[in-house]
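Take a look at this single chain in C-alpha cells; it is the form predicted on its own.
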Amino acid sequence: MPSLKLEKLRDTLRALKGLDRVNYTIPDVWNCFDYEGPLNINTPDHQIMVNPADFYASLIETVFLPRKNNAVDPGLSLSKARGETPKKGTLAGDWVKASVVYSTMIRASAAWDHDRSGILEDTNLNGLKETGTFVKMLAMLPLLEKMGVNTVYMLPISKFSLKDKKGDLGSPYGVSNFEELDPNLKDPLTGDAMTLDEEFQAFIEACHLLDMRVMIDIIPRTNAVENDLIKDHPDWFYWIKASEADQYAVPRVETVGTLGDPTLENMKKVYAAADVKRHLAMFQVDPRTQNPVLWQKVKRHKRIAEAIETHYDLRIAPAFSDYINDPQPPWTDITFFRMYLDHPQATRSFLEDPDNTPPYILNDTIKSNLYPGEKPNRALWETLADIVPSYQKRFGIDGARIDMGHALPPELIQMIFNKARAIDPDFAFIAEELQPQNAASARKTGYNMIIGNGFILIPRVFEGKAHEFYYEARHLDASVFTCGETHDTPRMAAREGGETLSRTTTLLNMFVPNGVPFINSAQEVFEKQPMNLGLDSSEADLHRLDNDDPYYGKLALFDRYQFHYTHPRRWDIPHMLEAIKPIRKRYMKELLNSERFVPIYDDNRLFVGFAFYKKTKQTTGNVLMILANLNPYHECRMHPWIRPVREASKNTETVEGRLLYSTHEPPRVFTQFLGADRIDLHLGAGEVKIVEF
C-alpha cells in the first residue's frame, strides 16, 4: 500500500488549532459527503459555516481514505498502475472515449468568499485564501463523482507572468515557467507542513482513488512575454524596440479580406503590403547577440524584462492571431516561441533582404506547421517535449490537451507524443482542433479525440445546427467533445433557451454516438457569465449578470471570480446526471460501438432520437432509446419512425417498454407503440426521455 500524501494532508489539517472560531462558509454543493463536524451551520443563502481544517480533514477521512485499495503510487497514471495497455486496434489513450470530462480552472472553480466580506481575497482577515487551491478543490470531487465525471481536465496550472497582464489576476495561459506550479494555488491551511507539489500530488491521489483520471493543459506554442527561459535562451523569442512598443499592431493587408487564411497566395500579398513592411521593420536581433558582454550582466537581474528594456531598449513582441486581418488586437501578455532559427522557406523569397531581416512574427511564422524553416530549433523542441514527462513523473497525470497543437511542427508533436507514451503507453492526448473535417488527420497524427465545434452548433437549435451535430458526429474519424460551452465561449444558460436548454443538452450530450461528454466548470449550476470572450462571443456576453452582482463584467480567466454555486436550481443537473449514471454505465459498450447505434428520425427538426441495442445470444436484445425535444419553450407530439431500430435489433414485435428516466416525469411503463413502425410520443418543453424495451 503506497503512502498517501492525503494522509499527510489530513494529519496536517487535524493539527491546526483555533480554527473553530473562524468565520468560514462554503456553498452547500461542496458538501456531498454529509459533513457533521463542529460549526456545521446552514445559512439562509445555501451556505454552510464550518471549521475549515476539520471540514477538509473529514472529507479526506470520509471520502478518500476508505478507498485506499484503489491507491496508486505517486508518479503513476491509473493505466500504468493497473498495467493497462491499449487494446488491439485502438490507439494509446483511447480510454478517453468512455470519459465524462469536467473542465476546471482551479483558481476559480474552488474560489469562495469564505468570510462573506463581499471581496474575494488572496488572504482574508483569518489568513485564509479565498481564491481556489488544490486543497479546496478536493471538496468538489464528491460532486463530480455524483455526476458521473471520471476525468478531470485542468486549465493551465503552471506558474504564469503578471507582466502586461489582463484583468485582476492575469491569464494562466501566459506561462512563465512550465516546470513550476502556480504558487497562488498553494493553500495557507497547510503552512510549511506541505509543499505546493505535495498538495497537487494529494489532489491527483484523491482523483485516482475515485477512479478519476487527470488531464492537464500544456501550451507549447506560446508563453509569457516575461518568461524564465529568456535568461538562457533570448534567441528563442522575437524582439522589438521597447520605445516603439506602443506602435505595435496587427498589420493590415488591404488586398486580403477579414480573417483571411495564410495561404501561399495570400502570403505573397501580405509581404507586399505597406503596413507589413512597417511591421517587419520593428523587429530586432535578440539582446545577447547584440551585446554578449552586456548580456552577462543583464541576465542576472531578477526582473530581467525590465533590465533588458533599460539596457537594450528591447522587449518581446506580443503574439496575435494567425488569420490575416483578424480584428483582435495583439495579445499583449503572451508571445510565440521561435520554432525555427531561419525564415520560412516557402515565403523567404518575399522578403526584400532575407539575410538581414531579424526574426519576426507574421501569419506564416506563426503557422510553423505550414511554413517550416530549414533549421529547427532543436533545443527548444526538446524543452517543450519534456513538459509532459515532467508532470507524469512527478504527479502521475493521465493525459493532456495540447494548446494549438495543429499549428506546431509535426515533428515536434511526434516528439511530445513519443516521450509521453514511452512513460505511459496509454497516455491520452486531446487536439485543440475545432474543424470536424480535420478529425481524420488529428487521429492519424496520434490524437485520441478533437474538441470539435459542438459548442458552436449545439446552442443553435432553431437553426437546425444542434440537430446536425447530434446526428453527424458519429461519422467523424475521431471522437469529439459533446458540449454546449467551453471556457472560451458564452454559457448555455445565457443562450436562447436559457436554463431549460442547458439542462436538456447536458443530458443529451451524455449519449451522443462518437461523443465524449464535456461539462464546463459551473455549468452544473447554470452559470451565465462566460470565463472568456474567445469564441463565438460578443461584448454583450461580458454583462450577463445583474449590475449589482459583485462579479458583473468580470471574466474568470483573468479576474477574481467565484461561480454562483448557491443558484436556486444548483442541484438539478447533479441529481439528473446521478440518475442516468447507471444507465450510461450499463450501455457503455453500445455507446462506444457504432454498429450498435441506430438514429431515430421525425419530421420535427427539433426532435433528436438515438437508439442503442445490445447483442445477445437470443435473437432479441434490449434497446435503449434517447428521445429529446430541443424546443425549450413548447411541448410537442410526434411519431418518430422506429422500424429501423426494430430491424437492426431483430425485434420486430410490438413490445412493452420502460421509461427509465425523464426530465419531466417519474419512471413508468411505456406503451405508446403505433404498430411496429412508430411510437406515439409526447415530449414537454426541453424534455428528454430515456426508454428501454
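Numbering starts at 1 and follows the sequence shown. Since we're looking at a predicted model, the values are computed, not measured.
Keep in mind the form predicted in complex with a further copy of the same chain is missing from the figure; the text below concerns it.
Undergrad: Pick from 126 to 134, 218 to 226, 433 to 441, 362 to 370: which stretch has non-hydrogen atoms within 4.5 Å of a further copy of the same chain in the predicted complex?
TA: In the other structure, the partner sits against 126 to 134.
Undergrad: Contact with a further copy of the same chain in the predicted complex for residue 21, defined as at least one heavy atom pair within 4.5 Å: yes or no?
TA: Judged by the heavy-atom cut-off of 4.5 Å, residue 21 is in contact with a further copy of the same chain in the predicted complex.
Undergrad: When the contact criterion is heavy atoms within 4.5 Å, does residue 89 count as touching a further copy of the same chain in the predicted complex?
TA: So residue 89 does not count as contacting a further copy of the same chain.
Undergrad: Should residue 117 be counted as a contact of a further copy of the same chain in the predicted complex, where contact means heavy atoms within 4.5 Å?
TA: Close contact exists here: in the predicted complex, residue 117 approaches a further copy of the same chain to within 4.5 Å, heavy atoms only.
Undergrad: Any of the heavy atoms of residue 121 lying within 4.5 Å of a further copy of the same chain in the predicted complex?
TA: Output for residue 121 is yes: heavy atoms within 4.5 Å of a further copy of the same chain.
Undergrad: Which residue, 660, 63, 39, 32, is the contact with a further copy of the same chain in the predicted complex, using a 4.5 Å heavy atom cutoff?
TA: That would be 39.
Undergrad: Would you kindly say which of 550, 257, 188, 329 lies with a heavy atom within 4.5 Å of a further copy of the same chain in the predicted complex?
TA: So the residue touching a further copy of the same chain in the predicted complex, by this definition, is 550.
Undergrad: Pull the contact list for 364 to 388: residues with a heavy atom within 4.5 Å of a further copy of the same chain in the predicted complex, in sequence order.
TA: Heavy-atom contacts to a further copy of the same chain in the predicted complex: nothing from 364 to 388.
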